[in-house]
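What follows is a single chain, given as structure tokens, in the form predicted alone.
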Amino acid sequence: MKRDAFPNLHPDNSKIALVEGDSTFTYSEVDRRANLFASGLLSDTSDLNEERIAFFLPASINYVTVMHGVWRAGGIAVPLNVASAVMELEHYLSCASVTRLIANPESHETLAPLCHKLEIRLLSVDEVMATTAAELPHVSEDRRAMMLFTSGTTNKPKGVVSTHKTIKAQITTLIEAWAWSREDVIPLFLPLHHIHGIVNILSCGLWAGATVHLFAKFDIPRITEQVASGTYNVFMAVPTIYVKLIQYFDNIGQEQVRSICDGFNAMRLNISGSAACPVKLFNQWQELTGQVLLERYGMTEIGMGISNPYAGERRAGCVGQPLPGVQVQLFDENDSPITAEETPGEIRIQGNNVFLEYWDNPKATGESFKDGWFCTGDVAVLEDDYYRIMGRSSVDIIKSGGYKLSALEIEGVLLTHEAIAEVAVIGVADDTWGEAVTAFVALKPASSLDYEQLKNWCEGKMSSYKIPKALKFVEALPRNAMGKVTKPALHELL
């Protein structure tokens, strides 16, 4: 099978590509389905010419069929969050000017009124699938391929458009950096409207000839059973998943825990990403499983840009070094490059991995680039050649008493308190401090804590100017689908 411009499937036709429940699909079967779906999309046309085709599907053979079918027919794939509210879907569909929406039949009743309102054709995979394959168009690598929406933690979600060249670069840099091979077997349970699941797991796996096990959600009993049996040799998750696994261990027998931890220990790689991995969690996971988590840094607009090494030192609290083919530079507030180590600056990125544009938003696109560098909005420091993320300049950098403080650093310390289950730190406008460090805390069951106790505990663990000036209690922190805390919602609580 020849590789075209778009991200393609490994040419090993007889190898198992996907496992979904009790069903397995070879690369040949996935390839055939993608071609038939592309043919059905084209119908009597020769090229979709970047028509936006959205799909509302969980991790499944249908999802892979649609994504690769859209690419092969020359369309732009718009994967949607299956947990989205109707109002959110309306924004995505109207923003992207979607013409067709693919969903499983059981979702049609919910989606039909919205599709009628927006004049979008609502279809199932079977309705589109052709019976015979048609001639498919040649798709150049500069064509638009996919539109993902930003998480919307700081503003209204924007459509991030990547070309086939962009996605190919994002995939191939990770295959090289993380030593992907056809021997790899990995579970995929992360949301498939996000770069982590789409590129890091699914697309890298299919490009390398690996086997990907598809789960519509994170099924802890089933997945840990397969971990214990040695099914997987690679595991990628967000920090919240690792926390849930550790909590799960507290509720099962020690023999079962040991079996699961041995299963993790035998893997070649465990990765954490999409949110900062607290040092406490990094150390806990290593103590339990022997696995040193590989933390990396990326975002919707760039795929992955920085990573701890596959072979080499992986540092807790750091995201590592630039990936192959990716240029990284820190800049100060005057747009001057920072050359000194341990001086905070905004991360800016160059490379083929960088997205093309924000859909139908030239103003936002223009503002996100300076002198050819994509401005991430994330602040980091370089410490002995390793980058450490301080947080997003807009929500995680607190300017208090003349200091620039990292909310992520303060959160990492507070998480080691025995009464604290989860915590988020924000800066709140204050006449004295400029911004007052404020901690939102969810306590562990049967635990108690007041401000004076926390303040006394913090002494000696962090500089006095970093100690929270206020403590607020919540049942649980507001999070988006990828487990990231939505800090604007905390401001709203105040």
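The first residue of the shown sequence is 1; numbering continues from there. What you see is a predicted model, and the numbers here were worked out from it, not measured in a lab.
Absent from the display: the form predicted in complex with a small molecule. The rest refers to it.
- For the three residues 231, 264 and 477, a heavy atom within 4.5 Å of the small molecule turns up in the model of the complex in no case.
- A single residue from the set 279, 299, 381, 208 has any heavy atom within 4.5 angstroms of the small molecule in the model of the complex; that residue is 299.
- Exactly one listed residue, out of 144, 315, 194, 91, brings a non-hydrogen atom to within 4.5 Å of the small molecule in the model of the complex: 194.
- Residue contact with the small molecule in the model of the complex: residue 424 places no heavy atom within 4.5 Å of it.
- At a distance threshold of 4.5 angstroms between non-hydrogen atoms, residue 33 is out of contact with the small molecule in the model of the complex.
- Although the partner is absent from this view, residue 241 contacts the small molecule in the model of the complex, with a non-hydrogen atom inside 4.5 angstroms.
- Taking non-hydrogen atoms only, residue 402 approaches the small molecule to within 4.5 angstroms in the model of the complex.
- Annotated contact segment (heavy atom within 4.5 Å of the small molecule in the model of the complex): 291-299, selected among 416-424, 291-299, 255-263, 111-119.
- Note: the CA-CA distance for residue 385 and residue 462 expands in the model of the complex relative to this form, by 3 angstroms or more.
- Cα-Cα spacing of residue 402 to residue 389 is reduced in the model of the complex versus the present form (difference of at least 3 Å).
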